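Given next, in structure tokens, is a single chain: the form predicted alone.
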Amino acid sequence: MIRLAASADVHFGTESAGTLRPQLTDLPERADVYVLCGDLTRSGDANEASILAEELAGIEIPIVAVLGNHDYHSGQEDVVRKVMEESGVTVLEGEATTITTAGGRVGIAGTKGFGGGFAGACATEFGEGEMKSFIGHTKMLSAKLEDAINSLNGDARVVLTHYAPVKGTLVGEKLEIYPFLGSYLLGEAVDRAGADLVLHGHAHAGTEKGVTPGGIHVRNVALPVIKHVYNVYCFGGDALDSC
């Protein structure tokens, strides 16, 4: 059995030191891998990333993350990524990694993703250049994600995004902001490539459980949704279980 601990939207600020590490003391006993689905920082400041990196340093299981919109706010996303990677965290953007655990090999692909909405109520690449750029960015990231998933080789295939790939995990959010919370293009990429589980954050007022049109499990692991410092998901047998 492969055990994956997951959370998102920790929003670390300059005053957050010491708030996360005490809650992770039993993490190596409960999980084989820890994943963070974006919004690692409050405003994308390198100092915020350094504080989070210190909290995560020395945890005795692999940590994999994607960035979120907050991590891009200050234009320091490359520095945020570098700080996290220097602390031992693997950060993915259209990339993949494979981790060997006692329960088997888990392949993880990830991207921040972007918005655009969902089938029947989505934006398109038509009209102003700004709209074309908006949807074009989502299409580009979705294509890179699909390529990354296709490269995975493991007993379980997991996808990390920040923005939602389905609208099912947005239930509870205002309908008017769905286009800014995710895109069906991410879900289509996952369905074409195939995966066992998709994890995302961003939708603080959303719902934990959803499914892609192709039947792939989706979980919103934003902290306000799961109401724990992390949830643990287990892969074994024929089904995905929370554990």
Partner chain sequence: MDAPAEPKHYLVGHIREALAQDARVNELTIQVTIAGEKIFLTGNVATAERRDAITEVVGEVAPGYNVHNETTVQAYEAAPDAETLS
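Residue numbers count along the first chain shown, from 1. If you're wondering where the values come from, they're calculated on a predicted model, not measured in any experiment.
Although it is not shown, the form predicted in complex with the partner chain is what the next lines describe.
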Which of 69-77, 85-93, 129-137, 114-122 lines the interface with the partner chain in the predicted bound form (heavy atom within 4.5 Å) = 69-77
inquiry  = Is it the case that L197, even though its partner is missing from this view, gets within 4.5 Å of the partner chain in the predicted bound form, heavy atoms only?
reply    = yes
query = Though only this chain appears here, would K174 touch the partner chain in the predicted bound form if you measure heavy atom gaps against 4.5 Å?
reply = yes
In the predicted bound form, S43 touching the partner chain (heavy atom, 4.5 Å) = yes
ask   = Is R21 a contact residue for the partner chain in the predicted bound form, using a 4.5 Å heavy atom cut-off?
value = no
inquiry  = Within 4.5 Å of the partner chain in the predicted bound form - does that hold for a heavy atom of every one of E15, P224 and K227?
reply    = yes
Sequence-ordered list of residues in 215-235 near the partner chain in the predicted bound form, where near means a heavy atom within 4.5 Å = H217, R219, L223, P224, K227, H228, V229, Y230, N231, V232, Y233, C234, F235
